[in-house]
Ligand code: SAH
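Quick setup: one chain, the form predicted alone, written in structure tokens, and binding and motion questions come after.
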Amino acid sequence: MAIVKVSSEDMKVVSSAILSLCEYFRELSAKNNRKITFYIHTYGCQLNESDSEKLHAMCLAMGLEYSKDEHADVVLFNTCAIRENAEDRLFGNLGAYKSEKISNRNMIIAVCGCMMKIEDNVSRIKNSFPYVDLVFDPQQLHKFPLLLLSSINRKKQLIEVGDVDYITDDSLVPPNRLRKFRALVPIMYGCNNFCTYCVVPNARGRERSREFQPIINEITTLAREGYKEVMLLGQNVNSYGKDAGFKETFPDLLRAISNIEGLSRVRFMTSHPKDLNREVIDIMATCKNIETHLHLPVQSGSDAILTRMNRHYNREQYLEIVRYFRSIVPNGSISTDIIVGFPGETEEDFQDTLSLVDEVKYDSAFTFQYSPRPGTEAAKYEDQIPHDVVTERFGRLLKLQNELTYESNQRLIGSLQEVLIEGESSTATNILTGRTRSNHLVNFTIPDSLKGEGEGEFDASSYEGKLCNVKITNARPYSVEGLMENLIDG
């Protein structure tokens, strides 16, 4: 694939399209005697969430009004191609809009994201969902206003899926951040690893690192705006800068960010075991605002399966990283990704995974049943595992990991934890939720003595983005509970 840097002239054309769309939607609003609204369906990972924040900002710039109602005038689907169920959900949701699209001739439906780099998905939309107005891939994100304007003018479906990996300065399309407690900051895009089960190199393109200084500038601004935590995003953050030959490495970037005044927490994902070095772990152990949570996908505990997956490390190399992390970050946590039922996986291979999980004692894990993805090498393997075997193995892994997660949560009982408040808990009213520096989920109450007098009805949103100390009183299978002792800020 060709890699092209987006120029300021390119962005001028996009800006011109935004102005034209403002006029179009202004006239449509006057005709309908109401604001024209938009809604974004987001599937998948934090990178997709970050992309949706940029789409959100562009929609606002066009004069559209955000709606929490899925039945808006402009509906965008930002898709994920990693798991088969995400595809099923997309096509099910698209079908539900057919009658609405017929009744509202001015309604616009756009589909973007990783799924649009899979030819079969694009063909299915073209043939079965002709009322979808616009289809584009992740690399075309910065061109969304230009593509939308073209789609409106031509009054027929526009499909824009190319073979160019664009490099854009994220400041050219500043996101509209949808939460106060954490800012998502991509430091690179794409992937060069070509794991045999994964579509990301085809969907997101090759690795493209952002320039060092614009990242620092962006995060400095975020800290000044009051953000307490940033999450650095990339398919493989540890290879930051290698694609462009930067003198700065990921450890250099991590150190520089940790020195930004006002920033309480720095989180990053994802780390690839083949590229994670001890220097990164040393920084986690010594820099107070680097969070003590390491997400380290293992995928399998079997050397034979790791080789078939094209992971470029073996079991012992992985365990060496874990042992070092546990030794110098004693209160840290480790999470992982595991695939069950990869083609050719024997019972012995699966037992290797179970034994590794038991040895590492993951604090949490994302576990998946293997599903073949179009365009990947593993989809061509003939020794696919029967579904009932995969399901049975998955159940055993889930049981073990659930026990380990509960044990991890129980170890926190009685401790005082710094928690970044994310808002009101989904489990109950008047309960706040947030995460510790080690990424443990905490649901907690505020004693009446800390609420103050005469404040009226409890407002969870007023606490969002603040830090507090919480005494942990109880453990549940996937979270812990506690009582706030004091606000650290605010």
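Residue numbers here begin at 1 and follow the sequence given. Given the structure is predicted, the values throughout are model-derived calculations rather than measurements.
One more form of this protein exists, namely the form predicted in complex with S-adenosyl-L-homocysteine; it is left out here, but the text below deals with it.
Note that among 104-112, 239-247, 404-412, 82-90, the stretch whose heavy atoms approach S-adenosyl-L-homocysteine to within 4.5 Å in the predicted complex is 82-90. S-adenosyl-L-homocysteine in the predicted complex comes within 4.5 Å of no heavy atom belonging to R265. Taking non-hydrogen atoms only, F368 approaches S-adenosyl-L-homocysteine to within 4.5 angstroms in the predicted complex. The closest heavy atom approach of N289 to S-adenosyl-L-homocysteine in the predicted complex falls outside 4.5 Å. None of the heavy atoms of E279 is located within 4.5 Å of S-adenosyl-L-homocysteine in the predicted complex. Site residues Y197, R311 and D337 are all in contact with S-adenosyl-L-homocysteine in the predicted complex, judged by any heavy atom within 4.5 Å. This chain is displayed alone, yet in the predicted complex one of K228, H293, H142, R373 has a heavy atom within 4.5 Å of S-adenosyl-L-homocysteine; that residue is R373. Here is the short version: of S151, T168, Q235, S364, the single residue with a heavy atom within 4.5 Å of S-adenosyl-L-homocysteine in the predicted complex is Q235.
Contacts between stretch 278-302 and S-adenosyl-L-homocysteine, counted in the predicted complex as any heavy atom lying within 4.5 Å, involve P297, Q299, listed in sequence order.
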